[in-house]
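Let's start with one chain on its own, the form predicted on its own, as structure tokens.
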Amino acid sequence: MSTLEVTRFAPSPSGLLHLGHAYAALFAARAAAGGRVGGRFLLRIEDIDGDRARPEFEAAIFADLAWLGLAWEEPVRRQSDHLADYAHALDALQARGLVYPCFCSRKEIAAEIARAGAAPHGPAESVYPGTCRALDAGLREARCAAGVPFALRLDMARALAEAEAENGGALTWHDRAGGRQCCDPRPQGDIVLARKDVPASYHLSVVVDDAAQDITLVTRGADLFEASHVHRLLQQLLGLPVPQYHHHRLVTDGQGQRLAKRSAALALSALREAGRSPAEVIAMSGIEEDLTP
């Protein structure tokens, strides 16, 4: 029986697409086309951060992808049109007592980590130390009533314990490059789910979006591998389907550094203006060598 592969490319309209974005979009589109009959390639605009999202960058995304020869299904999902979806998911987690307000500033969090006295390594280097997790309920209510700014964090230890109890054991997920993965989001700490200025974090919005778009295969860069552990946990807690994943390599610059939106020389619009053809840009991305026929 044929399987419908559904993939997506989900850029943020906060800058111009570069060669790394071209690779990611092509990888997702070809993964859908390489699936069995009827593969679907979707586009999502992750514009939930209204302070950084710009309509001119969204227009440039459409122009760049079309220039590369990519076609996607309509309508395009824009996060800013679905804030109620994220609020509903957040309410569900709050109703379970898995979310708490954090009143710490970024500076206070950094100072708390520095006072721990140990040299942090790897992903744990910027993990929140849990300062507000055990705040007295009355103090929390008083600070909220006084209008003290706060973020909403997931109580990671409690959330993982509940999710594993529901699942009857450890959570797992499948990465097509690395095989079966045992879900361990604990190194990420008590992640932020929402802030006053951003109604849903990347972690929360992406799992809601992927479920809403019926995504069967999430393709994205290897730098987001650890995030997939968090997403598997949230999928369990929210009763959402679990897609497969494929974390692909990152396109780097001449110094081996991951491309960023400030990499203006490798922006797709700059390459186009310099006279590069779509075929040349696709070849520059290295996608042809990486994909198995």
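Don't overthink the numbering: it's just position in the shown sequence, from 1. Here the structure is a predicted model, which is why all the values come from computation and not from measurement.
Just so it is clear, the following notes concern the form predicted in complex with glutamic acid (GLU), a form of the same protein that is not shown.
Here the marked residues 67, 282 and 285 all miss glutamic acid (GLU) in the model of the complex; none has a heavy atom within 4.5 angstroms. Contact annotation for residue 202: at least one heavy atom lies within 4.5 Å of glutamic acid (GLU) in the model of the complex. Taking the partner from elsewhere, residue 206 is found to have a heavy atom lying within 4.5 Å of glutamic acid (GLU) in the model of the complex.
Using a 4.5 angstroms threshold between heavy atoms, residue 224 counts as touching glutamic acid (GLU) in the model of the complex. Although the partner is absent here, residue 220 is a contact residue: one of its heavy atoms lies within 4.5 angstroms of glutamic acid (GLU) in the model of the complex.
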